[in-house]
Every structure is written in C-alpha cells, then in structure tokens.
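A single chain, nothing else alongside it, follows as structure tokens in the form predicted on its own.
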C-alpha cells in the first residue's frame, strides 16, 4: 500500500490540491459573504461598498457593436452621477467635446468616456477623486494658461488639480466671476447665519415609529442613496451599509449599525440628534473627535437651534436651495466632501467671507483639528484673480484693493 502511495504521490497531491481549490471556489462563489477575492484589484473608496454588485458598472450595453462586459459604458456612471453633474454645472460635459472645434483635444485624452480618467481596480495609479490619469493631465489642453497668466507661469503642471483652485467637473466655487464678486469680504459676514429651512416641521419632533420615510421624503431618499451612507440601498440585493464596511476610523461599538433613515433620525429623539450625536456614535477620526474643541461646537452646544449653530450636518449635509421653495437639507452626505472646496458655497459662506473660507479649506492641519483657530495659510486665488482683473481695467476691483491696503496699513500702524 505504501509503495502504491509512493508511486502515485504526485497524482494524489494533484488530486488533493484540485479538490482544495474546488472547495474554496465553491465556498467563495456560493457560501461566503465576503467575495472580494474575486475582484481583479482593489476598488476605489467611492465604490468599494458596491464592489460585489458587478452589474452596477459592468453592463451588457453595446458600445460600437461590442458588448462591454470587460468595460464600463458612460450610462453606468451616469445612472448614479448624472444628477450631481447637472446640479453643479459640469465644466467638461461630453457635449463640449462633440463640438468640432474641441475635437483636437481628444487626441490627448479620451474625454468622451468616464473610464478614460476613472478606471477601477488600479490601486497603483489611482489618485484623489479616483482619478487614474497622470496628475499633469490638465496641461494637455490648458498649456496656454501657463503661458498667458503671470500668476501661473512658475506653477508645476501637476498643481492644476491639487492646489485647491480647479475641479474638472465643477469649478463654480472658485470661478473668477465668483471670486471677484466676494473680493474683500472679512472673516465673518454681517448677516452671518444659516438659511431657514422650508417645511422643517413636516415631521413631529420627536417622532415615535419607523414610518415609510420615502412616502413623504422621496427626494431626500434619492439624495441619500447617492451618498456613501445610503448608496447600497440603491441596488437590489445589497444590505444597508454598516460602519464595519468603512475605510475610515469608526467606533467598534457601532460596527453593526445599519445605515438607513433611522440610524440618524431615531424615534423618540429630536431632529438635532441627527445633526451631531448620530454622527459621533459611529465616526472616530481626528476631525470628528476635535469638533468639541472648535468654536463651531460652542455655538452648537449653546443653542442647537440657533442661527449660527454649526454641527456636523451643517457642513457635510448643507442647506441648499430647494427646487420648490426656500432651503432644504441635502441628504447626499458626499456631495460636497471632495474636493473640499465644493463646501465653500454650500456651507462656509453662509457665515464666513470667501477668502477666510478658502484659507481654512487649504489648511490640512486645520481641517484635522476641526477649525479650532484661523488658518495660517493664505490661498492666493482671489488675489491672483484680482490682479488680472485690475490689469484689464476693472476700477471696482482696483478700489477694493486700495481700500484693503489702506486698512491693513492703518492696522499695522496702530499695532
């Protein structure tokens, strides 16, 4: 018997190895809840929650008479992102490159297809905003900017998308017209305060049961499913997100909590609970922990319903203009998260001047400390824009510049 086993040992080892691999594959395909081993590479932070819902991106839509089972058509991306691109006025829509005058730019970058810049499962080349293009991609089309603008001549090509000045899809927070409109504003605005919400008393406070929220809050539910908190609910067969799935620090005690409406809007608790306490029950990063040391928290702690009471939700789920009337809370918790300059218009400038807001969001250390002081960094964007405008003969901007310089001189003299 031993001689027989020795004679066929390699065959036996092969059979045992085949059986082991087969058993593992069966378990992985049909039994295991975690199937990430099937992925060709790590999924980006924006999509990892739905990474096992392959058909969310890999559809059977035909593209140039070829099925895209190994690729992703634009329609798959737009199913989730079209509303955001429309709402924030996409700076580089596909229709721009359908214009024959812009066709020459397609020689450098295939700007007609989302996955030309955002390809998944490529961790080694994936940068901020899940961009998989080299960081100097802006220069392919905008090299003339570096040649014509005095302020940009000494800037490296890789700073276009990383210096907090430009965002490929939404540049409205830092557009030159917006910067000039708010040139010269101080730290705090004279009318600082949050806009009043429309129909804020629609639900009782507190409420007593987990009602079907979508029956009254259809738009809120749709927004919720566009953000990281609720995106899994937009796909059949996926359970709600839990803090255990997150890639940022979370409290172990909250690992099992399911992110649906009642995770934040808990029965028998006031709406204010959803703006702060519900956040800290899960999040455990430095930015969150440092909130209690900030002036924002002092205002919130003094009066959660006050006009200048700034909670987690004030910044990350801001009050935006409603399509119907007044203002409403945006339930898409990632709409203004990255790049962070998107927060300027939706959150910061309800209370603060534009320059002060830009300085704060350009300071990584200040963000980590949750804005416990003024920024030590001066964002040059407004001054650069003002310089260019004055050179073009803008007398209004010139007058503001002279007033600011005079005020600064008087302050230095007094000190």
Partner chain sequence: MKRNYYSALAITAAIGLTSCKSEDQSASASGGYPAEQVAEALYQVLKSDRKVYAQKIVNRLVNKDKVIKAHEEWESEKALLLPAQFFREGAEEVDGIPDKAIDFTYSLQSKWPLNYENAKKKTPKVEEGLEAVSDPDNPLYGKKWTGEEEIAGKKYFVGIYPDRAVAPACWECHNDHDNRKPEYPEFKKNDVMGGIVIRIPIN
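All values derive from a computational prediction rather than experimental measurement. Positions refer to the first chain, counted from 1.
Beyond what is shown, the protein has a form predicted in complex with its partner chain; the following relates to that form.
- Candidate site formed by 95, 141 and 392: every one of these residues places a non-hydrogen atom within 4.5 angstroms of its partner chain in the predicted complex.
- Looking at 183 to 191, 276 to 284, 97 to 105, 161 to 169, the stretch with residues near its partner chain in the predicted complex, meaning non-hydrogen atoms within 4.5 angstroms, turns out to be 97 to 105.
- Out of the listed residues 178, 327, 157, 235, 178 is the one that sits within 4.5 Å of its partner chain in the predicted complex by at least one heavy atom.
- This chain is displayed alone, yet in the predicted complex one of 123, 253, 301, 148 has a heavy atom within 4.5 Å of its partner chain; that residue is 148.
- Residue contact check for residue 239: none of its heavy atoms lie within 4.5 Å of its partner chain in the predicted complex.
- At the 4.5 Å threshold, heavy atoms of residue 89 reach its partner chain in the predicted complex.
- A residue is said to contact a partner when one of its heavy atoms sits within 4.5 Å of a partner heavy atom; residue 345 meets this definition for its partner chain in the predicted complex.
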